[in-house]
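Just the one chain here, laid out as C-alpha cells, in the form predicted on its own.
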C-alpha cells in the first residue's frame, strides 16, 4: 500500500489547510491557523466536499492530539526525535528553580549532560542560541537538544530548587 498523500493549501490571512484522503476514501482536513490553533474537519463519506464535523483545538489541545497519534512521542514536551537518537524537548525553568535569575553558563549544561540549549522562549519572544551570559528567568521555556539521557539530565538540572 502506498503512503497517503497529504496536500497543503495556503489560506492567505488564515494559515494552511492540509487535506488527507484515507484508505477508506474518507476526506479529512486540518487547518493550521496563524495563531497556533487547529481546526480538524471530517467530511461526509457520501459527499467528500461536505463537512460533517468540525472541531477547533487550542495549541495545547493540538499538541496533546499529536502526542496521542505519534507513538514516538512519550512526553508532551517532546518536540522531535530522530533515528540518530537525538531529541529536542521543551523544559520549563520554574519560579523556584535555583537557576531563576542566574546565568546559563553557570548551569554547566553542555559539560555536565552533553545536551545543548538551542533557544529560550520567554513570553512571546524566542531567543535563539543563547550565550553563556544569558540570564535565565522563572517561566522561561528552554529548548534542549541531545540524547534522551542528556535531555533528561538537563531537565533535572533546570528543575533543581
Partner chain sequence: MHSAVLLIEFGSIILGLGLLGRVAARFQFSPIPLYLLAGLAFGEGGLLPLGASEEFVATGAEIGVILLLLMLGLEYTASDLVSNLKSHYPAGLVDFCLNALPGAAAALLLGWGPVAAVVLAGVTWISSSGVIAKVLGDLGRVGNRETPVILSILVLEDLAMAVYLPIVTALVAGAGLLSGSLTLAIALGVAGLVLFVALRYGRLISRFVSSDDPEKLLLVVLGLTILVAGVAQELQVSAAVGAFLVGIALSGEVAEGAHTLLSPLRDLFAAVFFVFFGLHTDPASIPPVLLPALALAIVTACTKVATGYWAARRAGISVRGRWRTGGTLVARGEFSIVIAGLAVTAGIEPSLGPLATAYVLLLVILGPLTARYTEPLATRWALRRESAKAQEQAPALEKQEQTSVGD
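Residue numbers count along the first chain shown, from 1. Definition used throughout: the rigid core is the maximal C-alpha set that superposes within 1.5 Å between two forms. Keep in mind that what you see is a predicted model, and the values were worked out from it rather than measured.
Below, we turn to the form predicted in complex with the partner chain, even though it does not appear here.
**Student:** Exactly one stretch in 117-125, 102-110, 88-96, 49-57 has heavy atoms within 4.5 Å of the partner chain in the predicted bound form; which is it?
**Tutor:** In the other structure, the partner sits against 49-57.
**Student:** Indicate whether the partner chain has at least one heavy atom within 4.5 Å of a heavy atom of residue 31 in the predicted bound form.
**Tutor:** Residue 31: yes, in contact with the partner chain in the predicted bound form.
**Student:** Indicate whether residue 44 is a 4.5 Å heavy atom neighbour of the partner chain in the predicted bound form.
**Tutor:** The answer is yes: residue 44 has a heavy atom within 4.5 Å of the partner chain.
**Student:** Look up in the predicted bound form whether residue 22 has a non-hydrogen atom within 4.5 angstroms of the partner chain, and give yes or no.
**Tutor:** Because no heavy atom of residue 22 falls inside 4.5 Å of the partner chain in the predicted bound form, the answer is no.
**Student:** Would you check, heavy atoms only and a 4.5 Å threshold, whether residue 14 touches the partner chain in the predicted bound form?
**Tutor:** Within the cut-off, so yes.
**Student:** Answer yes if the Cα of residue 30 shifts by 2 angstroms or more between the shown form and the other one on a rigid-core superposition, and no otherwise.
**Tutor:** Yes; that C-alpha moves by at least 2 Å between the shown form and the other one.
**Student:** Could you tell me whether the Cα atom of residue 116 shifts by at least 2 Å between the shown form and the other one after core superposition?
**Tutor:** Stays below the 2 Å threshold, so no.
**Student:** I want to check residue 129: does it shift between the shown form and the other one by 2 Å or more at the Cα, with the core superposed?
**Tutor:** The answer is no; the displacement is under 2 Å.
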